[in-house]
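Presented as structure tokens, the chain that follows is alone, the form predicted alone.
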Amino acid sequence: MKKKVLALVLALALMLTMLAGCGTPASQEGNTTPEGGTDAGTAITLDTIKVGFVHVSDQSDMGYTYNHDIGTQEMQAALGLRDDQIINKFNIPEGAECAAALQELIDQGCNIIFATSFGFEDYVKEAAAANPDVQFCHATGYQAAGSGLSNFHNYFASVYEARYLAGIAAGLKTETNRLGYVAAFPFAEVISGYTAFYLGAKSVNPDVTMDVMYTNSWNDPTVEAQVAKALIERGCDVISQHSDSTAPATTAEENGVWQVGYNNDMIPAAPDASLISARINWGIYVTEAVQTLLDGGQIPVDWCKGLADGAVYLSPLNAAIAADGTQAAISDAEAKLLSGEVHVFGGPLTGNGVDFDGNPISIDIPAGDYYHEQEEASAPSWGYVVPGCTVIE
């Protein structure tokens, strides 16, 4: 009888010991949830995490997607992720195809998904609502803050600062005092960029004007080349762009004028035309977002950094063709932007535009004040065409 009792006591002790050891395994400590807490049932570790991307084009554009993919590579190197932990969906149109691509990434086990084009946002929001255990980060959008979804985030960079500085190179180089701008869509993101570029040029050349033509596409080399040629035929001798390919650069070179690029150093594509380019370092955000998820933190609902953080920058100046004094002028303006002495959208400044419903709007910023672009939200909001800029229909 005593032996039976002893055996029962030992069995109970063994059971209690096993139960005590059934807490959170060491390999699951710090597992993240969409709220930034921990969930012992879902392991997200450096070894198991999967990161997905949905892109509107591919790296061959040598522009926007190429530049964004560089950020992916920087994140992979910084965190030491394997190739099989990163899944890219390239050449996805801004339609129902985006929803399908997002679902494929979810089905493939992605814990965090980056969608990098403006027109993806509605599909990203829907996917986030249906998949609370997956983090969704959308570039250039504006809906995350009001969505009420803790796993839906917007991000962009203050590239208007770099565009302003790049505009200085154009303003000093032009001989006709007429710039041309190949613009994708009449969205605030694009209007903000070309306005900043023009204001930078005007800061060193008060007589400069600029013609703007829309391609109504983010990436269409044929149309971009056609628009660039049309602007050159109007007398524009420096061409810039908010479009994804190198076509404006090569068209400028073929026609004996100059060019200022976006997203990539265009000098290899057009060494006799490309002056400089405004760029975004996407690696800063992508790395921060993935690391935050791994750490069990909360990814910011709305992220934006700029010149001071190295999130935007200029490619090297093509000193062989730039006007004398260009680098000094850019460096001086950069110091003033960083110190707050100069604001890109500083008054006096007026402009006219239309709101989301097509109604006319205007703005009048007095001297001493400035438009607080991207200070409260990551998405650009400047949507006004300023005097000196002409949109060509």
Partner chain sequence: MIDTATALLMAAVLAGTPLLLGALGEILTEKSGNLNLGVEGMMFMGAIAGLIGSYSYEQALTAAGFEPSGAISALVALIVSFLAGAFGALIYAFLTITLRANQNVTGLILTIFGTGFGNFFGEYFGLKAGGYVTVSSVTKAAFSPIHFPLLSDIPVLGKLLFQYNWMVYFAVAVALVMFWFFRKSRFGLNLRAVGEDPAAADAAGISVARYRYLATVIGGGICGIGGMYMSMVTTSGVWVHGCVTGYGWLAVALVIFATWSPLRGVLVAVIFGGLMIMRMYITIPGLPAQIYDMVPYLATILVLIITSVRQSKEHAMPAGCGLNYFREDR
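Residue numbers count along the first chain shown, from 1. Just so you know, these numbers come straight off a predicted model, no measurement behind them.
Just so you know, the form predicted together with its partner chain exists too; it's not on screen, but the next bit is about it.
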item: Partner-proximal stretch of 125 to 133, 144 to 152, 308 to 316, 243 to 251 relative to its partner chain in the predicted complex, 4.5 angstroms, heavy atom; value: 243 to 251
item: Candidate site 214, 222 and 230: all three near its partner chain in the predicted complex by heavy atom within 4.5 Å; value: yes
item: Contact assignment for its partner chain in the predicted complex, among 62, 349, 333, 49, heavy atom within 4.5 Å; value: 62
item: One residue of 86, 79, 322, 269 in contact with its partner chain, assessed in the predicted complex (non-hydrogen atom, 4.5 angstroms); value: 269
item: Touches its partner chain in the predicted complex: residue 104 (any heavy atom, 4.5 Å); value: no
item: Touches its partner chain in the predicted complex: residue 264 (any heavy atom, 4.5 Å); value: yes
item: Any non-hydrogen atom of residue 69 within 4.5 angstroms of its partner chain in the predicted complex; value: no
item: Contact test in the predicted complex: residue 292 vs its partner chain, heavy atoms, 4.5 Å; value: no
item: Residues of 369 to 393 having any heavy atom within 4.5 Å of its partner chain in the predicted complex, listed in sequence order; value: 392, 393
